[in-house]
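Heads up, the chain below is alone and in the form predicted alone; it's given as structure tokens.
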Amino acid sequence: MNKNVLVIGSGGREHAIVYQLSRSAQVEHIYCAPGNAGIAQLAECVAIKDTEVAQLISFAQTHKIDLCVVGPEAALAAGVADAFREAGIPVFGHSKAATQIEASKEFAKELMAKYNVPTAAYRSFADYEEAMQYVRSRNTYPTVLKYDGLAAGKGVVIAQDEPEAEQALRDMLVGEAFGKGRVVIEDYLEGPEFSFMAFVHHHKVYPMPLSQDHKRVFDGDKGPNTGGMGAYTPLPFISKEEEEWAQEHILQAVADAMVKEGKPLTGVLYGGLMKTKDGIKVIEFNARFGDPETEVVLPLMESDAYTVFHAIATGEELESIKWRNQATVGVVMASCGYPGAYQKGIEITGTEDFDGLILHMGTAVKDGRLVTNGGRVLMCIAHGTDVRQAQEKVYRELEKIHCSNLFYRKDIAHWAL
């Protein structure tokens, strides 16, 4: 069918998107801007950053791009999708206005309050003294503090006591650790978290399989939060009835609300949800595929990826999206020191011996050798008839990959077993 596709981004999520598109009989050529060493095996990588809007448009026009798929939130927040729509190029990705569902925690909270979508009670502040006064008056711990803006998954602190809350508020509001902005202070909810992603075009919502990622850096969910150390699907602790309820009362409700607000969604709506004793509630929304959840969910899609992405981009009718009935476990190999400082350029060997799917998150090729080039480096994935089988396989295969500066959690999917 000779279609040319441009994927924007450079991580594991984008590798998963490129991998899926490469399996479509309709796609002749895939470009990825800027891409990475793994993506380069399936697509032509282009040295344009994901927020360089004018250059991306110019490239797409020159190379007769039939579809653009935007991966990262920063690109969406920079208005990449708006620019492509203006240029008349079909684009899978929300407008800058719709990306507020992720880019502003306060916007998302106000939307949920207005449309009765279940979430934790909250207040928001721009002033450090006022915020601290509110925290002291509540004197309830743990308490959740969220920077009201994009912070690459690191702008949330669950304070266990007043000194920790004070430090976090000082960092965010006085030190402007993530830039100038507000802070949302909300009630702490308890229960297992999970990710519910859906393809959305305006009122149309097509759910993906549920997944769960592991944010903490060490086994047993210990240590600081990261961008995600692994993920798996399906989830045994969420019933079919609960899933259907969440689809109707959360994802569909928010899709409908965004249309009413004049900010319709055209891409992925990611619900970071929690199963509490009072039912399922929203922790956060993202305006794009979750990372690393995408890497375990997207390879299960049986439907043609180009057809799905193009239909969401243009509003064409999709009968349904078919998914393989399999379990998937993916483990992130990260650079030693992550999520703090880490070295780059360390050689990785053995990836060609891995029996499964490897998606690159932060790699490069140097003098013909594969080397580390980020905090999270590889996402190693195995499938099975159930989660235990997939988990056993991925850990067995991981032993074949060697690098002196990589580590990984040994208990991904422990919630499911």
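When you see a residue number, it is the position in the sequence shown, counting from 1. These numbers come from a predicted model, not from an experiment.
Heads up, the form predicted in complex with ligand AMP isn't pictured, but that's what we're talking about next.
- Put simply, A253 is far from ligand AMP in the predicted complex: not one heavy atom of it is within 4.5 Å.
- Ligand AMP in the predicted complex is approached by K146, whose closest heavy atom lies within 4.5 angstroms of it.
- Among heavy atoms of E193, some come within 4.5 Å of ligand AMP in the predicted complex.
- Ligand AMP is not drawn, but in the predicted complex it has no heavy atom within 4.5 Å of E164.
- Partner contacts here mean any heavy atom within 4.5 Å of ligand AMP in the predicted complex, and among 304 to 312, 281 to 289, 261 to 269, 167 to 175 they occur only in 281 to 289.
- Note on the partner interface in the predicted complex: the residue among L318, M274, A83, A77 having a heavy atom within 4.5 angstroms of ligand AMP is M274.
- V156 is the sole member of A159, I89, M132, V156 with a non-hydrogen atom within 4.5 Å of ligand AMP in the predicted complex.
- In sequence order, E186, D187, Y188, L189, E193, K215 are the residues of 183 to 216 having a heavy atom within 4.5 Å of ligand AMP in the predicted complex; the partner itself is omitted from this view.
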